[in-house]
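First, one chain by itself in structure tokens, the form predicted on its own.
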Amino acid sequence: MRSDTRRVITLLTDFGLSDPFVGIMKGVVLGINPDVALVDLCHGGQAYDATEAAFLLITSYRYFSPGTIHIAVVDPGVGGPRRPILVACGGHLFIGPDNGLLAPLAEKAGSQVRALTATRYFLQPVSATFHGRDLFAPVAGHLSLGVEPACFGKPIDDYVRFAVPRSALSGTSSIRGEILHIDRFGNLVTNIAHVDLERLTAGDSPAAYVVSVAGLEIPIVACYGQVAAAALGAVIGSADYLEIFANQGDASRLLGIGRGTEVVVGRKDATPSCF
């Protein structure tokens, strides 16, 4: 880990920006290390949904340099028996609740998970409703000053596990996945990764395949502008996952579907039904 004080800390929460919660967390961090660089990753995801937050985190963290500290707080069990944990993964540090949110990172080879038990690094008294302020933010602040992860608690291996839903081959000619995230523009981001699509097409042009969802067949294109305004298309987005869009429109509203909806990719002449 880097030892200098100019560390980067990212924040991912479901707090939104209409309340002062995110700003308060930043105030706690800056009170411990005023030289830290704070980055808002996302605060507008689905409330209480650790699965979506996990997907956003694992598709984002790699764009930050090693040594970055990530606070992730989507925490419907705050104040209950769930533990606060610290995950070291790929040169990054992740702090959050033990509710599965950090499990995809904890499962990576070489990762280590610790329960946060060193109360001397917490704000006191610890609120039953705002661990982002009283536990996660101060731990991040102290980590940014160079306090070693071992100082915060012992390693554990009984953390909560769940897997972000993955797409799967259906036979040899199609992939079945689902919508995991709806972005600010109404784009429907699926769990069908670029690499999985390449395996399916196996040298064929992606244009020979279509996306079947909500009873429609949607073409796969290279960029948004390849379909007419308000028309539907599917494209590999910036996170390297297939997403369904409406050019200059809102695909989520147009199709009337959301997270969890099944999506199938197959050849134009042999697309299986979603239903």
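As the structure is a prediction and not an experimental result, all values here were calculated from the model. Each residue number is its position in the shown sequence, starting from 1.
Although not depicted, the form predicted together with a further copy of the same chain is the subject of the following passage.
The partner is absent here, but in the model of the complex a heavy atom of 236, alone among 218, 214, 227, 236, sits within 4.5 Å of a further copy of the same chain. Think of it this way: in the model of the complex, a further copy of the same chain has a heavy atom of just one of 161, 184, 120, 154 within 4.5 Å, and the residue is 184.
In the model of the complex, a further copy of the same chain sits beyond 4.5 Å of every heavy atom of residue 258. In the model of the complex, a further copy of the same chain sits within 4.5 Å of a heavy atom belonging to residue 45. Interface residue remark: residue 41 is counted as part of the site for a further copy of the same chain in the model of the complex, having a heavy atom within 4.5 Å.
The shortest heavy atom separation between residue 79 and a further copy of the same chain in the model of the complex is within 4.5 Å.
Checking 102-110, 176-184, 85-93, 195-203 against a further copy of the same chain in the model of the complex, the stretch whose residues place heavy atoms within 4.5 Å of it is 176-184. The partner is not shown here, but in the model of the complex the stretch 14-44 reaches within 4.5 angstroms of a further copy of the same chain through a heavy atom at 14, 15, 16, 17, 18, 19, 20, 21, 23, 24, 26, 27, 28, 30, 31, 34, 35, 36, 37, 39, 40, 41, 42, 43, 44.
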